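Below, in structure tokens: the form predicted on its own, a single chain.
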Amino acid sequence: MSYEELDHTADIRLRVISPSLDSLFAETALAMMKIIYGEPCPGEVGRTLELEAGNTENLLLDFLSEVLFLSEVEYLVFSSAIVHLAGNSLKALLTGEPFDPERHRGGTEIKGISYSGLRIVKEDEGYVLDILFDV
């Protein structure tokens, strides 16, 4: 996974670099899980998502918001994401483990994903995403 935290005064801003849009979506979701829970362990719990949106940026925001929602409501910590995009549609398989307060504490709570500063750019080596998480 290739991501780095960029300076921001109040929230968490990331730059994620990936060779494909599929892996960019997956890596961003896993980066979000690491921020919240630390290093998650592989698990047997799986969830499938199917989403559509008007454009790639909205699809990413909807996907990340759904991952965050599932994590919080179903008390799951995802450690793997397989994402397939077709136009502005997405199918994803998320796997992970149940939340354990002894192993998954100490991270930073993410309240939401911001549209502010969201940017996906296609470059020669793949895709670069700048995204802001509201904390």
Partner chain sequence: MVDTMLERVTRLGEFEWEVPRGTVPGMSVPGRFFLSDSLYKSLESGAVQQLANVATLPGIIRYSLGMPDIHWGYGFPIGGVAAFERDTGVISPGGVGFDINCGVRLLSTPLTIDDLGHRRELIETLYQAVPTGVGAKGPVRLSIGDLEDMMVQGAAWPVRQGYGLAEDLDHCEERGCMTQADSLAVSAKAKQRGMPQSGTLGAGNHFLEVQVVKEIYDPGAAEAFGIHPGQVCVMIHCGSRGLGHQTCTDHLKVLEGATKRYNIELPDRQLACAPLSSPEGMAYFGAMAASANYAWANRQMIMHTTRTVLGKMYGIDYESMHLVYDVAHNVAKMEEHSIEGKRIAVCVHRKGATRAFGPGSPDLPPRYAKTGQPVIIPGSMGSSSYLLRGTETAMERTFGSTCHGAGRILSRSAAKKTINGAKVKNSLSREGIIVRAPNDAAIAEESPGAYKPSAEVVRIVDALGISNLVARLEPLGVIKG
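Residue numbers count along the first chain shown, from 1. Remember, it's a predicted structure, so these values are computed and weren't measured experimentally.
What comes next is about the form predicted together with the partner chain, which is not displayed.
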**Prompt:** Taking the partner as it appears in the predicted bound form, which of 39 to 47, 23 to 31, 90 to 98, 54 to 62 has residues with heavy atoms within 4.5 Å of the partner chain?
**Reply:** 54 to 62
**Asked** Does at least one non-hydrogen atom of V73 fall within 4.5 angstroms of the partner chain in the predicted bound form?
**Response** yes
**Item:** I17 within 4.5 Å of the partner chain in the predicted bound form, heavy atoms
**Value:** no
**Asked** Are any of the heavy atoms in V121 no more than 4.5 Å from a heavy atom of the partner chain in the predicted bound form?
**Response** no
**Message:** Test of understanding: in the predicted bound form, would V128 fall inside 4.5 Å of the partner chain by heavy atoms?
**Reply:** no
